[in-house]
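Taking the form predicted alone, here's one chain by itself in structure tokens.
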């Protein structure tokens, strides 16, 4: 029997109650019978899309731990620095999401002391838009309980919004992390282009949340290493090679190394550009140590940890708002829907397996930036065009007896459909990254996984429904 938690939420006009930021699941802590956590006014403003919001207060009741769950499990330590006497402590912001959940489990399995910070708003996006994960995903409380019962390892849980600085600062003071892994942002370009309210929410949530993280590190953990998830989309598609973060330029006889030019292609990507500038400035001004992981398009769903039990299964998005290209194509093939190639299909990007996402984050933590250093790693393993991906899925489908068709659909985005693309990605390999490259066997696995859950597919959610040129002013629902 694992640590049992029950949650009740109420709307309260008063904002005077303080956030109690003890972790919800940590064997070393003594828990009161109940305590209060609150989400910030920023999240509440979005939840109802109105100008004034009551304060939402969540009360979490912790049941008694069973003797089995209370037993301590001896584990080794993962050495990051010279002091190996204690496991390093890592906060994973956005640890209930696609990349965050896989990363939290991976780090815990590697004997880091892990805590998740999340306001659970990603699940609310699905409810609002009428979407659902291909895979049934368990609640965050059940996920953490199951992980504890399987491994004996605790993952702390802080439910709250990083746009609420009081909550965030209490969390950092309580947990005292050696590293903060920041996945806690609205991560979809199409979502940010639905209408004005989503565009504003994306930039407000992402930029202010990251600023709060920077101020919290400055105030309460100046030695803490920030590992921030950026995106390759910050660079756009320039007609020159994309370097890792910086480029050396000679102009009018003078030479300097400068941040690589940014050409963001959505309000989401713009929020990531703003984050990068803010992080670079605070590294210079305050001596913060930070690594910006400019990640490519992630595919896959399984990691060693998520395969341990069905309650640990990760989410798998296939819709036109949150689904990524290869994941979408595999689901489309599984249900007999033509692969939706946007426009000419020459759009080329960097891609990586989710198993490499968690590996890259661990490498960044284990090899931290120096105080005042702003490192940029391009986090991907291979480059493919949309047409190349479609051809690979078609070939893999044929081996499984699936007749996969491809359909060119009007491109809802404003982007070059045929372009030069050559991005450097050597720094993580130099740190020891061992990539999982896209192979026939992996595609077979992805297709079989999609076939297993194909009865859960809502085919009305497959086609793109968000247009860059027709972004709305008034809030609208994107649903079948």
Ligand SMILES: O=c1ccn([C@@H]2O[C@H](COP(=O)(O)OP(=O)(O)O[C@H]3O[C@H](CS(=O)(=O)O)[C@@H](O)[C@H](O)[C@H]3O)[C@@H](O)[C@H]2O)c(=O)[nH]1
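Positions refer to the first chain, counted from 1. Because the structure is a prediction, the values reported are computed rather than measured.
One more form of this protein should be noted, the form predicted in complex with the named molecule, which is absent from this view; the next part is about it.
The candidate stretches are 241 to 249, 302 to 310, 322 to 330, 366 to 374, and the one lying within 4.5 Å of the named molecule in the predicted complex by heavy atoms is 322 to 330.
For the three residues 262, 383 and 424, a heavy atom within 4.5 Å of the named molecule turns up in the predicted complex in no case. Between the named molecule and the residues 108, 171, 295, 282, the one pair within 4.5 Å by heavy atoms in the predicted complex involves 295. With the partner omitted from this view, the residue of 314, 276, 359, 231 that lies near the named molecule in the predicted complex is 231 [heavy atom within 4.5 Å]. The closest heavy atom approach of residue 155 to the named molecule in the predicted complex falls outside 4.5 Å. The closest heavy atom approach of residue 112 to the named molecule in the predicted complex falls outside 4.5 Å. Contact annotation: residue 288 falls outside 4.5 Å of the named molecule in the predicted complex, judged by heavy atom distances. Among heavy atoms of residue 192, none comes within 4.5 Å of the named molecule in the predicted complex.
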